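There is one chain below, alone, in structure tokens, taken in the form predicted on its own.
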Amino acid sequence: MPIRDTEGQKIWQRRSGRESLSHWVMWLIGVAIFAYCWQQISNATTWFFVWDAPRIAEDIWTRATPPKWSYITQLGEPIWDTLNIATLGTLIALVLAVPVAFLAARNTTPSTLFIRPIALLIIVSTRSINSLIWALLLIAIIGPGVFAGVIAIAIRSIGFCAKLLYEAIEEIDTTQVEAITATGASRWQVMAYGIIPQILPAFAGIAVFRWDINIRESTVLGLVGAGGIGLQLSSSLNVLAWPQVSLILLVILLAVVISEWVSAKVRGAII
């Protein structure tokens, strides 16, 4: 903003005196909050273990290399279970997310006063709880195994898919919808011929993107007993079989890289 010097000339400054003062006050508040939080973390940290971490990491690395390649014959079924958990969980989530998305979108919901808030509540509640927490709850209800992992991934994915999909529904071109409505088409016909064709590319992209994420999440569900390769990882960690652990981590890395490549290819083809 312009101010004048002693000779009456205009001098441009980025902020006024009041703005500069408030800017520095905000910085001081931020630094004070950081210092307080660091003090709390420091008091709750056993620094001996932190300083000893490089030696422990080197020791584990020595024990974990080279990987136990002969153990790979026992990882075929677990990694297949992991892929099934991610794929089936994604499919179930998509089936359930589509109606939720249509009920949440302002331009397709039957009632913005009653039904839309319920749909939004479903989206928020399923997204706010991590898949590991869902897996723990489901294991307590239906027991350990792959089925609990599939349902955990599905529940976790409903909110993610529904949120992105209902945003795509709200951003459609209304001209096409109005044209179909003008022909006397029913509500379902308008949805089938005016809305769905416009959101199909977004739907396909969301599906592939979520499947890619679920591959990553399903690799760790076995740590709590929900099946997949995480179960082998947990067992190997419990007996300190570090060569097996390193091999399992390599297999997980390979699976994630392949899923990322497939996801990128499919999304590139769609776009």
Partner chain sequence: MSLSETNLETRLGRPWKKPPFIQRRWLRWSLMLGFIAYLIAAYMTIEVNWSRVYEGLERGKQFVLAFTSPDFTTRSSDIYEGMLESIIMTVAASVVGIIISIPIALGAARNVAPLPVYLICRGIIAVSRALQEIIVAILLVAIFGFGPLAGFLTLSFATIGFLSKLLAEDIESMDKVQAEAIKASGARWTQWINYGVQPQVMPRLIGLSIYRIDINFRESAILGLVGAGGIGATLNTAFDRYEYDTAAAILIMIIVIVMALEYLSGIVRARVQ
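Numbering follows the first chain given and starts at 1. For clarity, every value in this text was computed on a predicted model and none was experimentally measured.
This protein has a second form, the form predicted in complex with its partner chain, left out of what is shown; the following refers to that one.
Trainee: Given that the partner is absent here, state which listed stretch (67-75, 100-108, 186-194, 169-177) has heavy atoms within 4.5 Å of its partner chain in the predicted bound form.
Mentor: Contact-bearing stretch, as computed: 186-194.
Trainee: Within 4.5 Å, heavy atoms only: does Leu249 come near its partner chain in the predicted bound form?
Mentor: Because a heavy atom of Leu249 falls inside 4.5 Å of its partner chain in the predicted bound form, the answer is yes.
Trainee: Heavy atom to heavy atom, is Val262 within 4.5 Å of its partner chain in the predicted bound form?
Mentor: Taking the distances in the predicted bound form, the answer for Val262 is no, it never comes within 4.5 Å of its partner chain.
Trainee: Is Val220 part of the interface with its partner chain in the predicted bound form - any heavy atom within 4.5 Å?
Mentor: Although its partner chain is absent here, Val220 would touch it in the predicted bound form, with heavy atoms inside 4.5 Å.
Trainee: I'd like to know whether Val224 contacts its partner chain in the predicted bound form, with contact meaning heavy atoms within 4.5 angstroms.
Mentor: Yes, Val224 sits close enough to its partner chain in the predicted bound form that at least one of its heavy atoms falls within 4.5 Å.
Trainee: Relative to its partner chain in the predicted bound form, which residues of 48-68 have a heavy atom no more than 4.5 Å away?
Mentor: Those in contact are Phe49, Val50, Ala53, Ile56, Ala57, Ile60.
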